[in-house]
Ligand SMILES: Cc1cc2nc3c(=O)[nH]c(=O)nc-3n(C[C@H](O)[C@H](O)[C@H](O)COP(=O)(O)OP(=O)(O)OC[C@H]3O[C@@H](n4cnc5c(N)ncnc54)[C@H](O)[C@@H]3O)c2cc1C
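Below, in structure tokens: the form predicted alone, a single chain.
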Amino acid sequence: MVARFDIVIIGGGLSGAALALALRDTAWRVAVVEPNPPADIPSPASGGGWGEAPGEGNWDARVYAYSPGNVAWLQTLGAWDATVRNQPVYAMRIVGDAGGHLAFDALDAGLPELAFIAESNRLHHALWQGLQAANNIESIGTATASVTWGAAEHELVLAGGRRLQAGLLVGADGANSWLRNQANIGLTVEDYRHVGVVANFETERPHRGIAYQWFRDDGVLAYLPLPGKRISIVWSTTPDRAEALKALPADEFTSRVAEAGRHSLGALRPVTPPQGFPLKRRRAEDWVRPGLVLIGDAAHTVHPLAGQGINLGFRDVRLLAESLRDAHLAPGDIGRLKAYALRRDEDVSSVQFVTGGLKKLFASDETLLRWLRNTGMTMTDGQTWLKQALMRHAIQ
């Protein structure tokens, strides 16, 4: 017995679940194949996490910076609700490794905020809650086994033997995409030879919605404000140093983070243990084929310097969902998909170029480059019009 769908989304992470939810009121019958759906969100009274007192509630170490444009879109989906603990970012302070400095302030550009910081797991859970209430969406908690490519429809076989047919398969299954590999789509990879070490802390002093970023000899450290007197940190550094940081006792690791952040927020108290994520730039050689489209990390990844990874993925979803609302064409029509890919190319290419270029610029120890990057940072800080333009572009 074969179950027929118009669209099958492989991968129910943030991008895959958001796409499905954006298609809930369309004529298409949609399936989301995700063997590891999000767990229930712990209640605030549970507490007891790493270094965390009971009653504070568990915190996810993996957080993202969401642009106001994407948050407004998530609100239309009903996914950015009260369960998504979030902190607006009102300003950003950037410090170079040789005296350079750059500050962004939402008020200077006439904006209410620059971004929102929120935990991944809570938004993921909210998206899935919306899926469960949609009449035209079926969530399937089974792993994929194989795929057969057809002229008009493709057939997917799941681990338990169930067979699905669809006119469009969407690869939303992450940087190591199974669907991309099954389609024999090549991948260009640039290994930044850095690992992003992430953890959450409680701060002695209030952060006042300010994000901080320090370019250091050993990498880049960012403080991202969370609700209350809490922050999430991302320390992008070499693999050896990342392993050494993660192996430190909690108090020593906390001391290193506070010192590297120049004690800007006073003493820190650990809330979650450090985790590490290898940083690579990836770009699939094809984003679309007849009846196939890759979105999010399955199509592209970037360095987290500018916090644009998840925002690129959501902009993929927004444009693809808008395109798929036209029911006069088959969902897998290659003309429709090519038009989508063409419109997304400039955005993705520019972000990959800028973030990759910044990483290389600040990774160099050459005296001239050190002077140039710090001088350029400070000069930019004095150009109000330029900073306003950068802020207005980022919020989209």
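Quick note: we count residues from 1 along the sequence shown, nothing fancier. For clarity, every value in this text was computed on a predicted model and none was experimentally measured.
The same protein also has a form predicted together with the named molecule, omitted here; what follows describes it.
Contact with the named molecule, judged by heavy atoms within 4.5 Å in the predicted bound form, is confined among 289 to 297, 204 to 212, 107 to 115, 244 to 252 to 289 to 297. For residue 237, no non-hydrogen atom is located within 4.5 Å of the named molecule in the predicted bound form, even though that partner is not displayed. By the criterion of a heavy atom within 4.5 Å, residue 277 is counted among the residues contacting the named molecule in the predicted bound form. The named molecule in the predicted bound form is not approached by residue 324, whose heavy atoms all lie more than 4.5 angstroms from it.
Among residues of the shown chain, residue 200 is not one whose heavy atoms approach the named molecule to within 4.5 Å in the predicted bound form.
In sequence order, 33, 34, 35, 36 are the residues of 23 to 38 having a heavy atom within 4.5 Å of the named molecule in the predicted bound form; the partner itself is omitted from this view.
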